[in-house]
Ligand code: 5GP
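First, one chain by itself: the form predicted alone, in structure tokens.
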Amino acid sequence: MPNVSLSQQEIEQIKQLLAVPKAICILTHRNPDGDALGSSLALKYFLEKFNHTVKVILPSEYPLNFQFMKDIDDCMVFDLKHDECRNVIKKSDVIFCLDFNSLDRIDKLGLSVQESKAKKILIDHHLDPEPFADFIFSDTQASSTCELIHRFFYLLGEESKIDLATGDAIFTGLITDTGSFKYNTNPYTYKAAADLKERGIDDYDLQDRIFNSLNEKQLRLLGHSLANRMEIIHEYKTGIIALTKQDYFDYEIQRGDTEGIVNFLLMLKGIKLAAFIREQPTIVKLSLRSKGDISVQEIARTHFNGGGHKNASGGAAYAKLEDVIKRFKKVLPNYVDPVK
């Protein structure tokens, strides 16, 4: 499915849908990142200004470096409260689906959404959104779902409702999904950032809160990853960091502790493709990043049951760590021209 913009008729229908207070549920993907959290909370703050009853449901827990975000503790976590979350979905009049393109990205919650009679609105920037929603606002060229949320508020003609808390949440997604505006940007990304700055958003403080909140364990894990678990394949301009189950035990790795490690590989001169591969109890997960025309989305989709964006994707495999690494190396020549 190509990018899908909201028609004027659909915008008017959404306005009518939201004209009177309703029970609204906001869902985002498993292992929520800054964009997932930012877009969900920004939409929550916005909708509450119209007296809607709004609940945000996360399939799993969020990284602790986002603890600073207003009302984040009010988000419900499906892994911790199965029945309560399903009940919220069942009672909702409207369901917003943010930052995911298919129902399997929200795991077991997907069935509840599928069975719900609520009106569903999908806002996302990933490739190939499934047509499960009544309204789809999809743009793969957008830097982030937060960027689309900013556009969404303007499309509704309600941009005056963007206060500091809403702006902070949107800017959080802009920062994190672009690596502090280093990739995935477009002209509107900067327009949105400028608009939020003019409204008083302190982007320096946000950057500090998001990126300068490592604890000692996380910094030592980063050092271990770079010193002991990094492999460079110069012929294919590729870097790999692979963590074992023992690493997870030794460093007591928890959700969010490995965030951003993959990006350090792309800091190396000449490296065009980065793979961060983690061995977990029952599965091996991959985070892939690239520069230029190398499509890690294609690698993830074709070989590792995943997907995402052209230059930032993820996947997984039920196999041994060493076998996953071998598989990744084997397919490299199909996507990266060797150095001559």
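Everything numeric in this text was worked out from a predicted model, so none of it was measured. We number the residues from 1 along the sequence you see.
Same protein, other form: the form predicted together with guanosine-5'-monophosphate, not shown, and the subject of what follows.
Only one of the listed residues (His303, Lys285, His52, Lys55) places a non-hydrogen atom within 4.5 angstroms of guanosine-5'-monophosphate in the predicted complex, and that residue is Lys285. Only one of 19-27, 313-321, 6-14, 328-336 places residue heavy atoms within 4.5 angstroms of guanosine-5'-monophosphate in the predicted complex, namely 313-321. Within this chain, Lys44 is remote from the site of guanosine-5'-monophosphate in the predicted complex, having no heavy atom within 4.5 Å. Among heavy atoms of Pro63, none comes within 4.5 Å of guanosine-5'-monophosphate in the predicted complex. Among residues of the shown chain, His224 is not one whose heavy atoms approach guanosine-5'-monophosphate to within 4.5 Å in the predicted complex. Taking the partner from elsewhere, Arg229 is found to have every heavy atom lying beyond 4.5 Å of guanosine-5'-monophosphate in the predicted complex. Contacts between 104-128 and guanosine-5'-monophosphate, taken as any heavy atom within 4.5 Å in the predicted complex, involve Arg105, His126.
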